[in-house]
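Structure 1 and structure 2 below are two forms of the same protein chain, each written out on its own as structure tokens.
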Structure 1
């Protein structure tokens, strides 16, 4: 039995990955390569809606590819490519725009959210407005079973299904199977070091992965613990304590974690020691990825070659779908 095909987009936002990104989205995304036929693309065309500086965009693309390769994405087990390297994405988007209404596009969250932020219709670029159509093309080209997304992207998958249904019904065909939204679970909501809000770089409550060790140590040492605990000899609470939440995620020494929890509740260990052991566990867990990333950063030609090879594989499949679509609508074989 062949593996189900999964498509996953990677956004080159320029934000360095933190453990909230990793455990909430990146790790489950990467793990799919072991159980499914996976296509991962860097959504550089989508990034143009907000990034219109060549140097910044190129840097963001390179950095995010380094991150994913370092954390375990294996070009031997998946297809990794840049969206713009496969022209069929843009070509199919032009076609699909004819099978969805202007009214439906106006109801999309990305467009409505932009309007609510003191932005006028006149200032919204068409790239943002048409974003869901290009996303539908990204997906439908590869006829995947499912697309792993967060809850905030569910509407885009639903629109993709609407477009596919409209196209299939118009031509009485089954060219496009309807993709399923594979919604990530609540593990995606990793609490930040402030102990209150979701981990986010903009909130300054993160623990990074690839930053300098001194930066990561400072982030960990500043993490929220038990506010009712005044001294190390006071019994402390483990439940809801962010430092122990991170230990459960990061520390592979389960006996050490159990011991620290017991000592913390008994008042025989201080916050500093608990955090030091968390830092040590962090370094242990991500050391291979940090080394791999450093090596790849010194070999940009290897990274480019990985993307070129991935684009060739993706284009072969995507072009077949595009030609099938062109034949159905009547612009092929005339």
Structure 2
């Protein structure tokens, strides 16, 4: 039996990865490369909604590819490519805009949130408004079984399903299978170091992965713990304590974590020691990736080669779907 096909995209928006991105999206995506046929791409055309500077965009694309390769994405297992290298994405997007209403597009969160912030449609570019249609094209071209992403992408996948259903119904065809959102219940939304909100670069509540050690140490030392605990000798609460949540994710020494929790509850360990041990565990978990990233950064030709090969494979698949669609709608065959 052939393996199920999985697809996902990563916007090169310039945010360096944090452990929320990692556990919520990147790690599940990378793990799937062993059990599924995976297509992952850098959504460079999507980034134009916010990045309109050539040097910055080029740099961001390179950086995000380095992040993924360093964290374990294997180009032998997975097709890794750049969206703009496969013209079928843009071509299918032009077609799909006809199977969704303006009203439904106006109800998309990204557009509505931006409208609330900027208060007028004059300041919203059409790339942002059309973003979900291009994303539907990205997905439907590869007829994937599922799309692994974080919780904030759910609405986009639902819209993709609506477009696919509408298209299939209009032409009485089954060209597009409906894709499943693959979103983790447990780690789809990791909490930030403020102990309050979703970890997000723009909220300044992150623990990074590739920043200097001094920066990461500072981020960990500033994390929210148990606000009711005044002294290291007070019994503390482990439940809902962000530092222990991160220990559960990062620290592979489960005996140490269990012992720290017991001592914390008994009031025989201070916050500083718990955080020091988290920092050491972070180094243990990410040191190999940091090392690989530094090496790969010296070899941009290798990165380009990986993207070139990925684009060839992706194009072969995507072009077939596009031709199928062109035939169904009646622009081919004359």
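What we label the rigid core is the largest C-alpha set whose atoms superpose within 1.5 Å from one form to the other. Numbering follows the first chain given and starts at 1. What you see is a predicted model; the values in this text were computed from it and never measured.
Given that just one of these two is the form predicted in complex with adenosine-5'-diphosphate, which number is it?
Looking at both copies of the chain, structure 2 is the one that matches the description.
Taking the rigid core as the reference frame, tell me whether residue 154 has a CA displacement of 2 angstroms or more between the two structures.
Yes, the C-alpha moves 2 Å or more.
For a quick test of reading the superposition: does residue 103 move by 2 Å or more at the CA between the two structures, rigid core aligned?
Yes, the C-alpha moves 2 Å or more.
Inspect the rigid-core superposition and answer whether the C-alpha of residue 74 shifts by 2 angstroms or more between the two structures.
Comparing forms between the two structures, the residue 74 CA shifts below 2 Å.
Keeping the rigid core superposed, can you check how far the CA atom of residue 327 moves between the two structures, in angstrom?
Between its two positions, the C-alpha of residue 327 lies 4.1 Å apart after core fitting.
Would you look up how far the C-alpha of residue 94 moves between the two structures when the rigid core is overlaid, in angstrom?
On core superposition, this C-alpha lies 3.0 Å from its counterpart.
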